[in-house]
Each structure stands twice: as C-alpha cells, then as structure tokens.
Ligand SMILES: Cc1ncc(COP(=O)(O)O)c(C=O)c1O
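So this first bit is one chain, no partners, the form predicted alone, shown in structure tokens.
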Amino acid sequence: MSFNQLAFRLKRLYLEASFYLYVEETKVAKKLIPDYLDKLQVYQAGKPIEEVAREKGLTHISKLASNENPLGPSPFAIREMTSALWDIHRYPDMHATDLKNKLCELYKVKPANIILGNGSEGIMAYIARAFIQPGDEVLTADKTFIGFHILATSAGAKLVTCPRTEDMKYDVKALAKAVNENTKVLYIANPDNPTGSYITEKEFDYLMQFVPKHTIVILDEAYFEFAQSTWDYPDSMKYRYDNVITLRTFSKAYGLSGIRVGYGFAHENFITALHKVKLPFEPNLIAQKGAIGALTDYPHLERTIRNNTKRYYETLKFLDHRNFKPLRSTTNFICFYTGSEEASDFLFNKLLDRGVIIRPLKANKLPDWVRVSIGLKEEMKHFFEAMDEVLPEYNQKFRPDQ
C-alpha cells in the first residue's frame, strides 16, 4: 500500500469516526431536551419599527401590533426613571417597598398580598415554577394568550383547552364542565388577548361554583384599565377567593412596556411561595421608579383611556363599513376576520409595504384573523389610508363578490 493510499484510508476512518461521534452527541443532546420543550414554538413579538425601517427603507411607520400606549409613558414616570439613573451602580430594593406601598394605597391591600415581576408574564413564570409540575393538568380556553400556553407547556403541564363560542368568547359553560379535581391551574385572560372579549361578572360567579378550592385560578387582567368602566366586567379585586391570583401590568395603559414591570395580588400563602422561586431584584431599579411615577400621574392614564375610546370607535366603524366583522373589544386593540391565512398574510405584507405594522394571529391558532392596536389619531389615519389603498386588490383576490 502506498503512502497516499494509507493517508487516504486514515482520513476516511477519521471522518467516519467524527460523524459517528457527532450523531451520538446529537442523540444525547436530544435526550437532554424534553419532548414537550423540543416541540415548543418560540414566542413571536410584533415586528419592531427599526426592523421595518431597515427592510423597507421607510421613515413613516405606524406600529399597531403590540398593544402599546401610543401616548408613551407619563412625564412623572420619565422624571423618576431619569433621577434613578444616578443610582444604577446600587442594587435596587429587592422588596420594592415604595412601589408596594403605592399599590397598597391604591388597591387597599397589604404588602404581603403583592408580588412584582418583569411584566405579568414574569409572574406567570414564577407561578409555573412554584406550582406546576410535569403532568399537572392546566385548563384554559383555546386560542387565548399564547404566552401562557408557552409557559404551561414549558413546565411539562398537560394543557387542556376548551373551544370558544361562535362569537369568539370564552365558553364558560364548557370550562365549568371541564374543570375537575385534577385541575391544578385554571387560566383566564380577562379581557382576553387576542380577541378583546371578556368574561362577565355573572359568568365568573357561575364558573367559580365549579372550581375546586385547591385549583389555582389565574386572572390575567393586563388590560384592566381599559375594561374597568364596562358595567358587567368583574374586577377581581372586589372578590376574595383564596385560590385566585390577579395579574396586572404597567406595559399597556401605563405605557411602560420597555422596562417590564408587572404586579399580582393573592393570598399571602401564595405570595410567600412565589417569593421562594422569584429571582431577587426584580423588577429592576428603573422599572420600580418608573412604575411609582406612573401611578402618581392619574391624568395621564385618563388621557390614555380617552384617546383609546375615541380611536376605538372610529376604527370599529371603519372595519364594519368594509365588512371585516371586527370583534367588539374592551381593550386597546381590535381583532378582525380575513377568512384565510393567505388573506391575513397578504394584508399584513401589503400594509407593511406602506409602513403600517399589524399582527397576524397564526401563532394563536387564528390564521384567518389579524389584530390591530389602537394608536394615535394620525396613526389610525395612516392605517385607514393604507387599508383603502390595499382593499381593491384584496377584494379582487379574496372577496370577488364585494
């Protein structure tokens, strides 16, 4: 055998051995990742303005995809956060005493009944970590807030979902029938995201008759400030169920999405358990100070609600007149029907070309629906004009009878 032949055979053996080791390592890595986690889809946020600017070369962009406050944060919140920048070399108060005291004053609760986190989703993660074990049964509605579905699945829970009613609301009777002694957690987004619907006081009272006392009920009230004036909306703070955890956030009506701060109310035994799994120093210093400032500026919150109410009815009328069957909402967004995934994608992309960002809902298992957030008057005008530019082609392609 020549030297070249020997070198060739050795190289071939080396490559075969390397490939075998790679395959075996891959198998081991696969085993380290649970099947339920391996199959999980990563959460997709609304498309950022900067990304659209880069991709499309646009300067006039209206982001109506993530249900943010178009008025921005309160000047009081900005003042508090700016002042706190001089102290960022120090760890924040891990008990967030000042923020908790503000919440106690507003909601008439004790500090022992409050949990804080990086947004309400951060607190959901604490709940999953503290209470949900692999195989535990978790009950919710189909096509509700995808963030909770991800957290429950990532904890290895057995996720049970009930279909919605024909008008896309929670089917409370179906939930009452599905809840049982094995239900560890019942999750209700009220108001719901992405549909904007809500469970009424009467429906909530009816459902709670069937919920075992050992079942944890999560009431996700991220859009509470927009819904609280609705006459039959069940403000969870008026109830005193020991197994209910209320979640709220500063990301929506308070305009502080970028600093991630949420809060929850529950029986002190629940709060104690959550603190055992909570990371220290959450929320961070800037988030704590911004939230305190936001709670101080009630006029800013009033302006936010007032703008949302005006723009909501204008947008609802616009979509109604163009036969999109928008769902009535108690939030700062509207979900409307396109008829197909292809139609949703077409509308999303055509609006994106014109600098308007909306939210397709395929990830929520609603491929034939899209969602538009309520913005400022000029942002909604941008949306209306872009829609009217797109509609002739859209109708010809997807609604030829109109």
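Heads up: residue numbers just count along the shown sequence, starting at 1. Source: prediction; values computed, not measured.
Note that the form predicted together with the named molecule isn't included here; everything after this is about it.
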So the named molecule isn't shown here. In the model of the complex, which residue out of Gly119, Gly293, Pro234, Pro92 has a non-hydrogen atom within 4.5 Å of it?
Gly119
Sort through Ala287, Ile245, Ala77, Ala222 and report the residue having a heavy atom within 4.5 Å of the named molecule in the model of the complex.
Ala222
Which among 266-274, 249-257, 201-209, 152-160 is in contact with the named molecule in the model of the complex, heavy atoms within 4.5 angstroms?
249-257
So, a 4.5 angstroms cut-off on heavy atom distances: do all three of Thr309, Leu327 and Ile334 pass it with respect to the named molecule in the model of the complex?
no
With the partner left out of view, is Ala189 within 4.5 angstroms of the named molecule in the model of the complex by any non-hydrogen atom?
yes
The named molecule contact in the model of the complex: Thr140, any heavy atom under 4.5 Å
no
I'd like to check something about Phe145: if you look in the model of the complex, is any of its heavy atoms closer than or equal to 4.5 Å to a heavy atom of the named molecule?
yes
Flag Asn193 as yes or no: does it have a non-hydrogen atom within 4.5 angstroms of any non-hydrogen atom of the named molecule in the model of the complex?
yes
